[in-house]
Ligand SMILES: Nc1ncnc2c1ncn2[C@@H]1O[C@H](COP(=O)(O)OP(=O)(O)OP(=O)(O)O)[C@@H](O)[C@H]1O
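For reference, the chain that follows is the form predicted on its own, supplied as structure tokens.
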């Protein structure tokens, strides 16, 4: 009989499902204690959020105000996320009711999320759309920070760049945040180019306002034994070469590794010694689950954008302007290739780091190759 699945992905993981990163956790906790603002930079699904929650567990006496900014589109969205996060900090009446009173000028309403029973705060969009209204929610954070030891996490902080008044928003945030010298603000982001622009561009209000902590691949000497143990806990036998093949396929991206391992576990039987074939079978399981999304993403591409994407999947993204790559891609000119690459980056299908293009989702790359485009 199958037990509990030994791998989790797509959510914050902790306990036995989390592969500890002692050095990163130690540095992050020290920054929090010192009130040093920090930027967590790493590619998507690298485990940044789980790292933050793991660090919080070791910080006795500290509250964490965690604000997820994914997919915000307006200033009122930002205000709602911060106000809701503040209202959910306490299990009792204090934080939620005080948040409502303090934000009265923004005409807030309080509701309960039917899925988790937690309070949700919504401010009047007409009053909150002015970027200056953000001062009210930041003042709420300031008040809580002066009363209790806490640190603030803005996850997916690069989403602020999508706001129409981005520069004004960043300037206001910086002017208020710098006054809280004993409170650590953690800015986490998964779109490297946007995060770099916010924190290293001299024209940005946040220029050199925080130290950078890179969340990269988990070292093999830590990750391989962890994955072998997790397979063993699910009654599967995985040796080092097998796990190394999974790491190679997923480019060692933590969330993708966990997803492929979960698929391997789900498609194999108890007591099985895992082999290369099991990875191929697991990929078919992933394609069945995500193929519809891949079809939707690629259907919007033009002919040359699709040819470029397929060439990246088959030949890699290190020398995209070489004559060989242009020939493989069947793209008529470097100008056409440049336009195609920009569209693929804008659509978050690929990203460029250190002059190399790579897929955000390695399963999309494998799906393209398997379809024989």
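Positions refer to the first chain, counted from 1. None of these values were measured; they are calculated from a predicted model.
The next section is about a form of this same protein that is not shown, the form predicted together with this ligand.
TODO: Report whether the minimum heavy atom distance between residue 9 and this ligand in the model of the complex is within 4.5 Å.
DONE: Yes, contact at 4.5 Å.
Task: Contact label in the model of the complex: residue 48 to this ligand, heavy atom within 4.5 Å - done: So residue 48 counts as contacting this ligand.
Task: Partner contact for residue 278 in the model of the complex: this ligand, 4.5 angstroms, heavy atom - done: Close contact is absent here: in the model of the complex, residue 278 is far from this ligand, nothing within 4.5 Å, heavy atoms only.
- [ ] Indicate whether residue 77 is a 4.5 Å heavy atom neighbour of this ligand in the model of the complex.
- [x] No, residue 77 stays farther than 4.5 Å from this ligand in the model of the complex.
Task: Heavy atom of each of 17, 218 and 255 within 4.5 Å of this ligand in the model of the complex - done: Heavy-atom distance to this ligand in the model of the complex: all three under 4.5 Å.
- [ ] With this ligand left out here, work out from 177-185, 237-245, 221-229, 133-141 which stretch has heavy atoms within 4.5 Å of it in the model of the complex.
- [x] Stretch with heavy atoms near the partner: 221-229.
TODO: Report the residue, out of 339, 319, 33, 44, that has at least one non-hydrogen atom within 4.5 angstroms of this ligand in the model of the complex.
DONE: Result of the distance check: 44.
Task: in the model of the complex, residues of 131-166 near this ligand [heavy atom within 4.5 Å] - done: The stretch 131-166, when checked against this ligand in the model of the complex, contributes only 156 at the 4.5 Å heavy-atom cut-off.
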